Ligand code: NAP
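To begin, one chain is listed below as structure tokens, in the form predicted on its own.
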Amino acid sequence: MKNPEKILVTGGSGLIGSALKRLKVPNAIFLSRKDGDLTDFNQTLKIFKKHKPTHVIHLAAQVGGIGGNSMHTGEYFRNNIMININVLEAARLTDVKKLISFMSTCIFPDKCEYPLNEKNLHNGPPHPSNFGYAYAKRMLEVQSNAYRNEWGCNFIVAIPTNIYGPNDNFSPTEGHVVPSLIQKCYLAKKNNTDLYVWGSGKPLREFVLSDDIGKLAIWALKNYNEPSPIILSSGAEVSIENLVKMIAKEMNFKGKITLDSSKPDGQFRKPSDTTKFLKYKPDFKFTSIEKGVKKTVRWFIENYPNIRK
């Protein structure tokens, strides 16, 4: 792809969208909710006809952590299905040359062979804690392939592991694990209380800094054309307990950390198969979790209370 005429980024004010802004991607237009409601097809098509993008990075979604997914299964399913159907259909109707959509590893089957492989995406139901969101996001892969088969659309799909970074949603109840823990730790320090953490702390996750995913989104838009998804991950796992300790250290939190085993852990671990990614990008250097947490905590402190929460 040489000097694309125009890249449209849906969800442009979110986690990866903000990373793309920091990368100063040329010829990019960043959409946010104020530009229109992507659950409404007429508004979505109007946006595409107005901007006439040649390429699309589709990031827009309604997302949350265990709390948000458990409380809003129907809402997450409905809104994400509508957003995805509308964006991909508008892209088809306006002759977008290439589109990349983003899913996440939480969409894989609950009972699945490890490491997670792109081929096993539909081999069973997802974990009950996020089934509404997971099924809706799985349909991105189905719709992309259906459009490729019938209309020749070059629509591709990426599956990053747990993304975190500046400008995340720091809600203690509906945010993902890293930002929600940062907010909880900040409030515990401010209020001189214990830091209560959902679950046993034993589950393992692969965390990836949003800036790394931003770089890989541009790479995939230029270079990846397979109909099957590609997992974007370093493959390095860290326990939730160790993650909490890193955040507490960066926050200079000296209080007691209490792990509440009565709360759900979610899946114990979701190691991913990075074979395909390493075939394409064997020398890519991911940011370490220590450096990433330091950067995210610093951003949070500098921008609080003007954060998404």
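One-based numbering along the sequence shown. Model, not experiment: these values are computed from the prediction.
This next part talks about the form predicted together with this ligand, which is not shown.
This chain lacks the partner; the member of F155, F108, F102, F170 within 4.5 angstroms of this ligand in the model of the complex by a non-hydrogen atom is F102.
Proximity to this ligand in the model of the complex, defined as a heavy atom within 4.5 Å, singles out one entry of N27, S32, T54, S261, which is S32.
With the partner omitted here, the stretch from 162 to 170, 186 to 194, 223 to 231, 117 to 125 that lies within 4.5 Å of this ligand by heavy atoms in the model of the complex is 162 to 170. In the model of the complex, none of the heavy atoms of P271 sits within 4.5 Å of a heavy atom of this ligand. When this ligand is considered in the model of the complex, I83 lines it closely, a heavy atom lying within 4.5 Å. Interface membership of I247, defined by any non-hydrogen atom within 4.5 Å of this ligand in the model of the complex, is ruled out. This ligand in the model of the complex comes within 4.5 Å of a heavy atom belonging to G12.
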